[in-house]
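Given next, in structure tokens, is a single chain: the form predicted on its own.
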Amino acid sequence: MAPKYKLTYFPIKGLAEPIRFLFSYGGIEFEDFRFSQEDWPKFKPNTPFGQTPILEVDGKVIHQSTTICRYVARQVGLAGADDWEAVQIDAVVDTITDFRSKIQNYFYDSDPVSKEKKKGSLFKETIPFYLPKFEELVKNNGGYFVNGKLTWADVYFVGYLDYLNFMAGVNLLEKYPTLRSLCTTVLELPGIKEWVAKRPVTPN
């Protein structure tokens, strides 16, 4: 009997969308439970470390969004053909996470002076550092991040893209045709295409 999956998160794409993409790619049914920001104090004490998303697998709880992605990727065959491929995928995923964290650090800064300073660093240093390297990596791997084939690193990146663009306030891939092509490839995968067509419309 197939496991019963319940994904719990805010009513946005955010950190949960790559997980939703992976489930959808694999054609795995899951409950997409979304709660409002106002209800978060009610749910927070019931999470392992006061964070979301969480995934319940037959009632057993997994936390940490990247860990959940890796778990689902294994279920759908995108976690690498061997240990070496898996570690290459992990390295890319961790680098994407670093990039996301730097954008989040700017976006969620509530101090106007500090945020403006971070904005300069983000747009003059961070984005110009990471995106050309991502572009080159995908170009050198036949249109994917690792070994010229689809892995969860590709789904992870594309699943985050709307959230990254929202936080940065720009189209991050405007100057990067190879990354745009990867995005198109992932979004045209049947399960993911179906999910995108039916998912709730949210700004990020």
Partner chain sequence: MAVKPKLTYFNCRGSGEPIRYLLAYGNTEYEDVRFEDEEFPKLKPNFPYGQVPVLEINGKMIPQTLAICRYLAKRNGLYGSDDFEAMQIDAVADAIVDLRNAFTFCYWITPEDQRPAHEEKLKKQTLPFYLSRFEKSLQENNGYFVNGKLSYADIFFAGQVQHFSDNTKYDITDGYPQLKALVEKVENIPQIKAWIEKRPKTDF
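The shown structure was predicted, so the numbers you read here are calculated from the model rather than taken from an experiment. Positions refer to the first chain, counted from 1.
The following text describes the form predicted in complex with the partner chain, which does not appear among the structures shown.
Hey, in the predicted bound form, is residue 68 touching the partner chain, heavy atoms inside 4.5 Å?
Looking in the predicted bound form, residue contacts with the partner chain include residue 68, since a heavy atom lies within 4.5 Å.
Taking heavy atoms and a 4.5 Å cut-off, does residue 113 contact the partner chain in the predicted bound form?
The answer is no: residue 113 has no heavy atom within 4.5 Å of the partner chain.
Please check if residue 28 has a heavy atom lying within 4.5 Å of any heavy atom of the partner chain in the predicted bound form.
Flag for residue 28 set to no.
Is residue 84 close to the partner chain in the predicted bound form, meaning a heavy atom pair under 4.5 Å apart or at it?
Yes, residue 84 sits close enough to the partner chain in the predicted bound form that at least one of its heavy atoms falls within 4.5 Å.
Hey, with the partner chain in the predicted bound form, do 49, 57 and 137 all fall inside the 4.5 Å heavy atom range?
Yes, the whole candidate spot contacts the partner chain.
Thinking of the partner chain in the predicted bound form, which stretch from 170 to 178, 49 to 57, 31 to 39, 156 to 164 has heavy atoms inside 4.5 Å of it?
This holds for exactly one stretch, 49 to 57.
Taking the partner chain as it sits in the predicted bound form, which residues of 122 to 155 have a non-hydrogen atom within 4.5 Å of it? Please list them.
Counting only heavy atoms within 4.5 Å of the partner chain in the predicted bound form, the contacting residues of 122 to 155 are 129, 130, 133, 134, 137.
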